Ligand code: ADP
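Encoded as structure tokens, the following chain is the form predicted on its own, with no partner shown.
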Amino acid sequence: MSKTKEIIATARAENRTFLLEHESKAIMQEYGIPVTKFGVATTEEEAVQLASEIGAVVLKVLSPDILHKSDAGGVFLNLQTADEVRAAYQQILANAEKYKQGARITGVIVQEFAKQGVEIIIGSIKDKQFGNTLLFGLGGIFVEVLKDVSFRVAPIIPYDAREMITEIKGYPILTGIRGKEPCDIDAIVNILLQVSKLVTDYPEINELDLNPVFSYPKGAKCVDARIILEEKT
């Protein structure tokens, strides 16, 4: 059984429609989509050990009862010392309990604090008429305020992926402006193609959200990943 099939089967068995972040990132890895280094800690010492191996880290709560981690005070950024990691781990558990009493805590994801790149968003949502529809756009204010995004119906081919990238209004930001280096368009194309393949292979995926993905002059890296499955029928 593939890792993706196993993860989805586990979620189904637990009557979950959304995957935990480490599960979503494991699926990204299986499909060759670059993600931040990560591990799952269930104790403070495990978190400290992972951080010592990774470097500067982000800690996030993992709970089937908490979908919006930031709202629950479950995210701590750029932790660089063992003491910071321990304090963040303790605070995440306390915040989670305060946010939702009795919430089941799977653990805490300890992930690489990625260097800043150009923020992009790549996703998919299942449309009742067209099926899995892919989305691409610049992240941050560009998607939240300007709604500068492009769409295609999956599956797509490389030509479609490049069109998605070039047709947004913010495309010049990706090509390099005011002396900045251009982004690695080939790396973005690869992620779009692999997301297309994933949602085509697994039609039970209702929503997929990679936000943000940091795009660099060489390569790209998915910082956060979210997958929601269709309700059981």
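Start at 1 with the first residue shown and count on from there. Source: prediction; values computed, not measured.
Another form exists, predicted in complex with the named molecule; not displayed. Remarks below refer to it.
Q: Of 43, 166, 52, 70, which residue is found within 4.5 angstroms of the named molecule in the predicted bound form when only non-hydrogen atoms are counted?
A: Selected option: 70.
Q: Quick one: which of 92-100, 127-135, 147-155, 74-82 gets within 4.5 Å of the named molecule in the predicted bound form, going by heavy atoms?
A: Checking each option against the 4.5 Å cut-off leaves 74-82.
Q: For the three residues 31, 201 and 205, which mark the spot I'm curious about, does each lie within 4.5 Å of the named molecule in the predicted bound form through at least one heavy atom?
A: No.
Q: Given that the partner is absent here, does residue 87 sit within 4.5 Å of the named molecule in the predicted bound form, heavy atoms only?
A: Residue 87 lies outside the contact set for the named molecule.
Q: Looking in the predicted bound form, any heavy atom of residue 105 within 4.5 Å of the named molecule?
A: No - in the predicted bound form, heavy atoms of residue 105 and the named molecule never come within 4.5 Å of each other.
Q: Can you tell me whether residue 21 touches the named molecule? I mean in the predicted bound form, with a 4.5 angstroms heavy atom cut-off.
A: Contact with the named molecule, yes.
Q: Taking 4.5 angstroms as the cut-off for heavy atoms, does residue 11 touch the named molecule in the predicted bound form?
A: Because no heavy atom of residue 11 falls inside 4.5 Å of the named molecule in the predicted bound form, the answer is no.
Q: Go through 106-134 residue by residue and record those having a heavy atom within 4.5 Å of the named molecule in the predicted bound form; state none if no residue qualifies.
A: Read in sequence order, the residues that approach the named molecule (within 4.5 Å, in the predicted bound form) are 111, 112, 113, 114, 119.
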